[in-house]
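Coming up are structure 1 and structure 2: the same protein chain in two forms, each one given alone as structure tokens.
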Structure 1
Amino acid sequence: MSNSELISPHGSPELKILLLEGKEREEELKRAEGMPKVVMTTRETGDLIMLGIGGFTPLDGFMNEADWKGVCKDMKMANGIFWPIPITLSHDEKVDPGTEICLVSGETEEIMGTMMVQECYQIDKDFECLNVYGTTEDDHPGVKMVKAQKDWNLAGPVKVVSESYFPKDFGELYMRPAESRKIFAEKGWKKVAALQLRNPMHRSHEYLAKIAVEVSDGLFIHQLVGKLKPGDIPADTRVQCINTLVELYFDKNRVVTGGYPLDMRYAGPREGLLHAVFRQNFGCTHMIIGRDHAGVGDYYGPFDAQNIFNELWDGALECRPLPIDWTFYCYKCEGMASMKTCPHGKEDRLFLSGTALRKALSEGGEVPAEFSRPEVLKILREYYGGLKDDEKVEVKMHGHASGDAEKKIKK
């Protein structure tokens, strides 16, 4: 099977790769040293890397004001192409159009790329927050991220010269879209489902994944290895958990695991759409959308991220959702089930969520065997057991995460 038989990248017949290599990269690095420097946040750095590897095809750089406004309001760029979340770069002072700037990671101080500034503009942050996140409350981590942006947005095409520490730290797990597409083509997969993960896999994740395997040629377990909010489990621990589960409980011929460098925005429905956009660029035809996908707290309804796909116009997005109902362990069914398959009552169900699992482990709580595989729980207990008191963050339960979990997981 050839790569051309896979789903096309979003809005383009081929991947738009902005990452320079070899002599071209070395020359750009030399040029960058003489340019004014703009320091990026980890979110902006992750976005730049995704631009570089083609994950954000068809974008060629950070968005201008017309694209920013159209994306916020109508999920549509000025050229009419669907895009659900702004991809922007902020700076603390105005920069004249025509200026070439050097883009530097604020985390590592490494030169990450260059940009020709075509436009410099200011935004209404509340407008962005309300349209993209559905709230302007500072408690929302995505809103907090937007409000922390500097005063000016810089727009223009980019050249990318580094993927930061991701290839070194995550090895073969870190994957470019061209690489995942090559793997899918070699396996002869056409219908490929993506599973988004920001938590270690518990039994609900495993159940969703195996449903997808049943109805697809293969499954792409795609792990976020960028930054999360305080209290979430760090990438290296999550990767260890997921790799262990795949090794012991999946047919490895039907599963590919990969990692990508973005920070979570916790934008709920809008982020679910963004996940589908870049999974299409990685070669996936379907995106698993379960309960409270990419949500935080009680800001979104449990199935808002599924329903938003129904609001899209024809041709907006080729990657389709694989919507799956609320899942849980049923003691009477003696296995995993969903609202569509289980006839029993709430008292017979153990509702599973990453939040409930993190809360129980961080507080030294007892975790039922049905919540997660023992090999995964062992890794997580070792992680939480090694935390110092000042490293621990209180994990707050919310309505979508609790169900019966608070009753079943005892302190």
Structure 2
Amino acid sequence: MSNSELISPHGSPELKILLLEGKEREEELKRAEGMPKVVMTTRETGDLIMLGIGGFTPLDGFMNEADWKGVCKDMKMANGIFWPIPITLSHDEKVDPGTEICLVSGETEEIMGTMMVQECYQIDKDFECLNVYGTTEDDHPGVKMVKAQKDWNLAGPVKVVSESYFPKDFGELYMRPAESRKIFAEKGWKKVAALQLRNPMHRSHEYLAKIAVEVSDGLFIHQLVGKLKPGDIPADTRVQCINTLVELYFDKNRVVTGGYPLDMRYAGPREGLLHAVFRQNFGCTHMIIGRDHAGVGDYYGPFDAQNIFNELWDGALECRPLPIDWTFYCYKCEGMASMKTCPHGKEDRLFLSGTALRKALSEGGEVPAEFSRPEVLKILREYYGGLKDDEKVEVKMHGHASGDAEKKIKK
């Protein structure tokens, strides 16, 4: 698991893997059936799976009050280790410390794991929201999730018995940290950059990615396969777009693609840091941070998620940011560029609003090849063509939603 050439996991020399296998798993599953059940949201389920596969090394379970508070306030757990976003489990009833509980997915109703409850505490949700999301507004999808949490937070070490439908639904794309580390080690990569994706890759993302390839040993295209907000392209379509792009426009020796099971929190800068933390666990030395990384609406400044890396204390986080400016095609540069490299005017640059893109894709309008590769656009056109008219306007949350890829450009 550990490899001296690769970056160490966060805060630990080895991955902390809490997922049981074989006989041990069978036995825990049997034991779990006799325990009181706690139903988890998709966010909590995703967090539990990450705990299981070592993606959240060095955590050994859901956070207690001291960790929760330290993380909210100073991004520091009680043991002094850096962590940017609370990883917590909520429940509507008080549970006595010492109780073993069975963790059940609310989405699939399957048993996901067990927890030895060590602490049961109540939180100031506004405190968490203000510190982590910078706002207490309900319009913020991350804030909304926190406010929807139940009254009590349960803390304690977990044992994980399932990765739910992710391995089956996403096949090879679903990747555990030990697997990505093995691949990077076999390829002899040391400097590995991670690209966070939750939307199809257009040429602006391809450019980000290729800058990273130019200056690294390899690129890890790491897609979120958990839940998104309404308006994002569903994972299956997005995966198809990205696979096609990688197949046709990347040197496959320089790229590894993987998926991870978290829900988006849209916490902007704090989530950018979380992205770097777990990418380090996956074996990456660098985290690409573009414009408005993990942001939503106008809650964060476009480069807040880059700047926050400079505010950490020495040694807080080994994985380094690879900050890239706002990217676009420029007709005078005759190529992709960013605000840092292009000296030309707005009128020379190609920008396309999310609305304009969706309209063009669903109505068969023209989208310039300088904006997106024709092969990617073809997949998106097919997806939009298959949507019913009312889905085109507003699509309900269910991991399957209509496209809002370039909303940020409009801002």
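Source: prediction; values computed, not measured. Here, rigid core means the biggest group of C-alpha atoms that superpose within 1.5 Å across both forms. Reference numbering: structure 1, starting with residue 1.
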Structure number of the form predicted alone: 1
Once you line up the core, how about L48: does its CA shift reach 2 Å between structure 1 and structure 2? no
How much does the C-alpha of F351 move between structure 1 and structure 2, in Å, given a rigid core overlay? 3.0
